[in-house]
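Only one chain is shown below, in structure tokens, and it's the form predicted on its own.
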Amino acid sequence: MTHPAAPAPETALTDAAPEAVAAGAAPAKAPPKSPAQKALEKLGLHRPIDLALHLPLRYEDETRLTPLAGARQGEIVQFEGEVTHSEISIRSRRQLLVTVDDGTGSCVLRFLNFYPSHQKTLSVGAWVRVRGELRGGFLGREMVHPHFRLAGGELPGALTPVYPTSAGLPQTYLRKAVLSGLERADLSETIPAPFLSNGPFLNNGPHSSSGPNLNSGPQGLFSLREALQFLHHPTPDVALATLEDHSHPAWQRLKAEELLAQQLSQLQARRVRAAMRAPALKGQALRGVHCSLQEQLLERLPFRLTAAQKRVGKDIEADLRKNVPMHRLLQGDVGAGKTVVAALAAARCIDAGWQCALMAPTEILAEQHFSKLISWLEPLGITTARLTGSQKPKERREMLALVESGAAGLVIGTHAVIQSKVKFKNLALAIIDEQHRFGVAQRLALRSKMTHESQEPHLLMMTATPIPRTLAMSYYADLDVSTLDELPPGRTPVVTKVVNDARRDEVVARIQAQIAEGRQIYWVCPLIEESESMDLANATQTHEELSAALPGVGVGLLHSRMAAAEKKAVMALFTEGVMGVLVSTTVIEVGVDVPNASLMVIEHAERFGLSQLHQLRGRVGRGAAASACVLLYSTGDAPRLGEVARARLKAMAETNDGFEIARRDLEIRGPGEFLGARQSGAAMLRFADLAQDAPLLAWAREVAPLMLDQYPELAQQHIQRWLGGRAEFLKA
């Protein structure tokens, strides 16, 4: 098949001629965009540099011809020969069969879908060039839907790139567009020479035993232009493995540039934030009493803080005393006690005469926080307001009045906290729980609720998904990270078992035994976006089955489509011990705290992500009783689980350590699992691999501050080249 010739990509990617505008002429109406141009934009390919950095997924070797006599089955080969036979067969289905002979052997070309142009080009007597996978077939050796063209012309001198694409964007068009972008892009060097070495970069690559330094940077023999030109059109003598695993020096140069852009952007965001001003929360501004709210809260708590909680609390307290906005991430494993650290921070804020807001991703979690914090803070004279989407108008008006007047020192809620009608009197501290569940715009909206001019609120973000060190060094370089690395006493290790769904009856028997001991059980059903109604029916069916199998036992059902009041009532029954079993979708993933629950069953565990499985498992083991988590899996019609699903379940069975879980999750699924909506779904790294490129990351972290100080203009050009508008996401 032939495709329409690609219009000059420059036309699609540049503005109207500035000369015409300067002359006062009305700007010409832009011609309608072709489907291919729209597809380019869908891929984010707007600028010439975007096209230049759109690198191949793989390559095809069209640089050589292989005689059929020397070709092996299963190989992808290219040969030239004469068409000796061509027919349309209508045996099992209509198909075009073409025999081509290259003088050393013959091969049948089989086309299940074809057009008249195929028959015309592949007519008997034509001399053609064919490329495809050689197979054994009923008629002898064959190729199914190979690439073909009339023979003649020189063979290319470089491998043919195959680019990531989308519907309506043929490779021929994309190759021309990328070549045009490569020619037009400004690829001048933005990394100053002092930061680059003169030696070969392979000596300092990802497999080097020692990390890079300023005297030995990622330069090698490739400039940026040379690296890009090589990767778009590599010579046929290159080892394909070095292109596929990105270990080739040209790839190393690009990954180093990308990591440096990210580090520069993060550091720049940190410095901009350091120039802002925030209220210095030094405490006891209103009360004039000897004992601070923090001290009163500590005296009333029914437990003692762990050493980790004390250490992290001091870090936060030191931040809040400064007039620079705190921008801190508090990470801790499930059950590490982040809520009490947040409560102490809120107490310091309120004690200084300011308001604090805590935003949670779900109403269940917001209600959990509200109940716990009100029990701690209300006896200290602190008024707490609650804002959720399901509130009745009268209650909502009352809460809004408390917030606007400043009577409510603490405001807890869901996304409702950031709605336009919510007006704080003097917000100084914003706490965001499970921060990866919120988008950039939502976090910025909460920070914008501060009404005092030229000031920003302090920001404390919390996550129960521990961040691996390399991820924290890259994606969270603009944050101060505090870690709760010990669990409070009394938490019991959870035994995790991976069980085939065929043994479901044994699991139900285990539930009966737990109920007889006075324990409670969670049974979680999956929620898949493509078919929420199907999963809801699954949860309902499981609820019915367990109700029948456990006569006399209260079995509850909880899912996202229930009204908020109904959810609250079900959770209350389970929390109070009236209900023995709670069948739920993942709405209980975070925040639910029922110490008497000792068994967690996760149905279709192979459908869940690793961090989500760990979060769900964290709902049990919160009391003194021995606890267990059963991962029920099903292979469906397949003979065995997929590789990724097996790796996840294996990791869950082998460790309860959230940091080890996080490390394995990074290996299995990459950084997206941890970032959530932090970058609104746009990955800040396309080429670098944090698991393999730690030396390059260390080099970039070392160079970034020096480059910002000594070469600020080049630093800005470098950020713009690699990140464009995505650098704005770092403001959140």
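Start at 1 and count along the sequence shown; that's the residue number. This structure is a prediction, so every number in the text was calculated from the model and none was measured.
Although it is not shown, the form predicted in complex with adenosine-5'-diphosphate is what the next lines describe.
Checking 332-340, 252-260, 237-245, 120-128 against adenosine-5'-diphosphate in the model of the complex, the stretch whose residues place heavy atoms within 4.5 Å of it is 332-340. Proximity of residue 488 to adenosine-5'-diphosphate in the model of the complex: non-hydrogen atoms within 4.5 Å are present. Using a 4.5 angstroms threshold between heavy atoms, residue 617 stays clear of adenosine-5'-diphosphate in the model of the complex. Among residues of the shown chain, residue 593 is one whose heavy atoms approach adenosine-5'-diphosphate to within 4.5 Å in the model of the complex. The closest heavy atom approach of residue 99 to adenosine-5'-diphosphate in the model of the complex falls outside 4.5 Å. Only one of 372, 328, 510, 543 lies close to adenosine-5'-diphosphate in the model of the complex, with a heavy atom inside 4.5 Å, and it is 372.
For the residues 309, 229, 78, 106, the 4.5 Å heavy atom test against adenosine-5'-diphosphate in the model of the complex is passed only by 309.
Contact annotation for 164-193: no residue has a non-hydrogen atom within 4.5 angstroms of adenosine-5'-diphosphate in the model of the complex.
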